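What follows is a single chain, given as structure tokens, in the form predicted on its own.
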């Protein structure tokens, strides 16, 4: 995988964890806290595990806890993918 986008993460979030059906993942979610999207810490770790399987980028539980928004998770994965390609 050469890149990871907010749409890639959005797709994983929509399928990896069941959240309240009122949660709208179709808007601009990059800067919205996972908590505000209905994803508690366990849900974020589950999403991180799915991202790891999709990208090969390891996201430890501690790292996942330090990524408060979807945009932060995308940046984390993108930085590691870029470093791996260099």
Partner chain sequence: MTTPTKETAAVVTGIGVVAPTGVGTEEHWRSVLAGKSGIGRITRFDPSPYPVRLAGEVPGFTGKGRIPNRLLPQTDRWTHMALAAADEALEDACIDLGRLPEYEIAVVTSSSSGGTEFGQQEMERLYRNDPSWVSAYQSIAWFYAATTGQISIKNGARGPCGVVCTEQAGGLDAAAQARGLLETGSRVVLTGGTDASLCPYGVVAQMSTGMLSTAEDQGRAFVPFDEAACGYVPGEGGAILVVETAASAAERGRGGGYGTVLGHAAGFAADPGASRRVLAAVIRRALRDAGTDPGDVDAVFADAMGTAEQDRAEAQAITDVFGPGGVPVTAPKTLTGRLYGGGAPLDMATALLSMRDGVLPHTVGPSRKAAGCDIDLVLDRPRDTELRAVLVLARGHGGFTSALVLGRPEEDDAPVSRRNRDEGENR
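On a predicted model such as this, the values are computed, not experimentally measured, just so you know. Residue numbers count along the first chain shown, from 1.
Another form exists, predicted in complex with its partner chain; not displayed. Remarks below refer to it.
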Within a 4.5 Å heavy atom cut-off, is residue 21 in contact with its partner chain in the model of the complex?
yes
Under a 4.5 Å heavy atom criterion, is residue 49 part of the interface with its partner chain in the model of the complex?
yes
Wondering, does residue 17 line up within 4.5 Å of its partner chain in the model of the complex on heavy atoms?
yes
In the model of the complex, is there a heavy atom of its partner chain that lies within 4.5 Å of any heavy atom of residue 45, even though the partner is absent here?
yes
